[in-house]
Ligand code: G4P
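The chain below stands alone and is given as structure tokens, in the form predicted alone.
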């Protein structure tokens, strides 16, 4: 299966990012903790190469915690301020505020030297579709400041959000931007991983083909997980496993044949929502 999705609004979003970066002190990039490599747009590295960088591995509750720790260490060694969060848990976001203030300290000192006090730290929020940017901003700001949705491509325009100053310093201005992919995946494995977590529109995907690849991955890397969750002993052939799942969940066509598309949707939905467990697709 060939993966690619780059609608017109993403081209516009890249132009907006280029324009707004002149006003930005630091860039906060959200990635998915399950695929900390594939969920990072390489074009963001090019656009933000001269900016202070914070990398947040979101959905940490859906990933293997030991692997997430290894990824944090790896990215810190590359010069990123890095942490892992579950953006739905507002109590976890205090660490983000602290990291923004720490990363923005250099800017604050420069301002102070020029007699500028308490100018807000300006941060741009970037990331690919469906990594949880809007949920992050809503939780971080303490109100519904950005649209949210469980499908890619919900945020299509920029929006500034002011976070009030706390005891520890100036306010923080957050610029939300639409999720952007990149025009061409050089490695189709990247596209496969993005499709598994739902960052490519489902309308562009054959669910059964995607599920067959996922079954092969799970049987190779997480043996026993399908039997544990679905209650049947999976056969070796991935097509037969999908047929078993269809029968187990009553996904049958009018003629009594297994409906593989329905079964595939069930498997993908269970995987995307961590009902199969906390799984890191890409080990550090």
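Positions refer to the first chain, counted from 1. All figures in this text were calculated on a predicted structure; none of them were measured in a lab.
Below: the form predicted together with the named molecule, not depicted.
- Placed here by superposing the C-alphas around the site, the named molecule (as posed in the predicted bound form) has at least 3 atoms within 2.4 Å of backbone or C-beta atoms: blocked pocket.
- In summary, among the residues 124, 194, 172, 87, the only one with a non-hydrogen atom within 4.5 Å of the named molecule in the predicted bound form is 87.
- A single residue from the set 62, 215, 52, 251 has any heavy atom within 4.5 angstroms of the named molecule in the predicted bound form; that residue is 62.
- In the predicted bound form, the named molecule lies within 4.5 Å of some heavy atom of residue 128.
- For residue 58, a non-hydrogen atom is located within 4.5 Å of the named molecule in the predicted bound form, even though that partner is not displayed.
- Although the partner is absent here, residue 82 is not a contact residue: none of its heavy atoms lies within 4.5 angstroms of the named molecule in the predicted bound form.
- Although the partner is absent here, residue 177 lies well away from the named molecule in the predicted bound form, with no heavy atom inside 4.5 Å.
- From the list 205-213, 71-79, 129-137, 108-116, the contact stretch for the named molecule in the predicted bound form under a 4.5 Å heavy atom rule is 129-137.
- Shown without its partner, the chain has no residue in segment 21-57 with a non-hydrogen atom within 4.5 angstroms of the named molecule in the predicted bound form.
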